[in-house]
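First comes one chain, alone, set out as C-alpha cells in the form predicted on its own.
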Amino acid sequence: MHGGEAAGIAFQLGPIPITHAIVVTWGIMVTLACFSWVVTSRLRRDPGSLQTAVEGVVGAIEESISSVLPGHVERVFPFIATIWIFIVLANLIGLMPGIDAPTGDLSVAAALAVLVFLSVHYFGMSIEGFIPYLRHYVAPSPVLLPFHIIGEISRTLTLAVRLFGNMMSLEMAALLVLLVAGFLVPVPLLLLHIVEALIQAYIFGMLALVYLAGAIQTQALRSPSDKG
C-alpha cells in the first residue's frame, strides 16, 4: 500500500533501471519455483496437509479450465494455473509492510497482458493449425481483418489497464482510509484487500481462458479424440 514508490528505481543494471516492481516480480517467481520444487519432490500416496492443500488448488483450477475448455485441460493448465497463482500472490504481497503489489505497476500488468496475447495465438496455431487459425481473421470477409486486429489490440490493452487500475485504486483507497481513520479499522481493510486481490486474479485468469477458447474456436467444445 505504498503506491508512490511503485514506479521507483531499486537499482541500475548498467544502463537499465530496475524498478521495485520488477524486483518483487522476480522474487515471486523464484519463490514459486522453489515452492513447486519442494512440493513435487515430496509427493506421497498418503498426502500431508500441504500436499492436500496444493492438490485442492490444482483441482479447483482444473475444474475451472474444464468448464471453458473441456478438451484441452492438460494442454493449457500450466499456463493458466501459473497466471492465476502468480497474480494472486502479486496482489496479496501488497499487504506486507514496505512492499507494493507489482500488479499495481502498469509495466507488470502490461507484461502479463502481452503474455496472454502471445499465448492465445500460440495455442490457437498449435491446436487449430497455422493456416486455419489465420483464416478466421478474414472470415466471413477479408474486409473484417482490420477490425479483428483492432479487437486483439484493444482487448490486450483493456486487460492490462483493468488489472493495473483496479489494484492501484485499491491500494490508494486503503491508504486514504488509513490516513483518515488511522489504524482503527485494520481488519476490515485487510479483508477488503484480500477479497479484491482474489477477485482481480480470478477475472484476469478467466478472461485469459475465454480468449484462449475463442482462439481455439469450435475445437474447444470437443475432446481431441472426437476430431478423428
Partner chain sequence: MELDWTTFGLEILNFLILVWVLKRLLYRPVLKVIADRKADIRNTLSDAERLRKEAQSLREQYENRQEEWNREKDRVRNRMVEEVNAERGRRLTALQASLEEEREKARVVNERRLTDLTRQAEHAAIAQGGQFAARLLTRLVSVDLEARLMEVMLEDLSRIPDERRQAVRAACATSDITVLVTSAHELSQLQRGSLLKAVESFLGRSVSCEWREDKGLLAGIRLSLGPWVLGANLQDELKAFVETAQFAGTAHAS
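Positions refer to the first chain, counted from 1. Computed from a predicted model, the values in this text were never measured in an experiment.
We do not show the form predicted in complex with the partner chain, though everything after this point is about it.
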### Task
Give a yes or no on whether every one of Y122, L207 and A215 sits within 4.5 angstroms of the partner chain in the predicted bound form by heavy atom.
no
### Task
Consider F117 of the chain shown here, and say whether it contacts the partner chain in the predicted bound form, taking contact as heavy atoms within 4.5 Å.
no
### Query
Given that the partner is absent here, does L192 sit within 4.5 Å of the partner chain in the predicted bound form, heavy atoms only?
no
#### Entry: the partner chain contact at V54 in the predicted bound form, heavy atom, 4.5 Å
yes
### Query
According to a 4.5 angstroms non-hydrogen atom cut-off, is E196 in contact with the partner chain in the predicted bound form?
no
### Task
Name the residue from G129, G98, P78, G151 that puts a heavy atom within 4.5 Å of the partner chain in the predicted bound form.
P78
### Message
Suppose contact means any heavy atom within 4.5 Å; which members of 98-114 contact the partner chain in the predicted bound form?
### Response
D105, L106, S107, V108, A110, A111, L112, V114
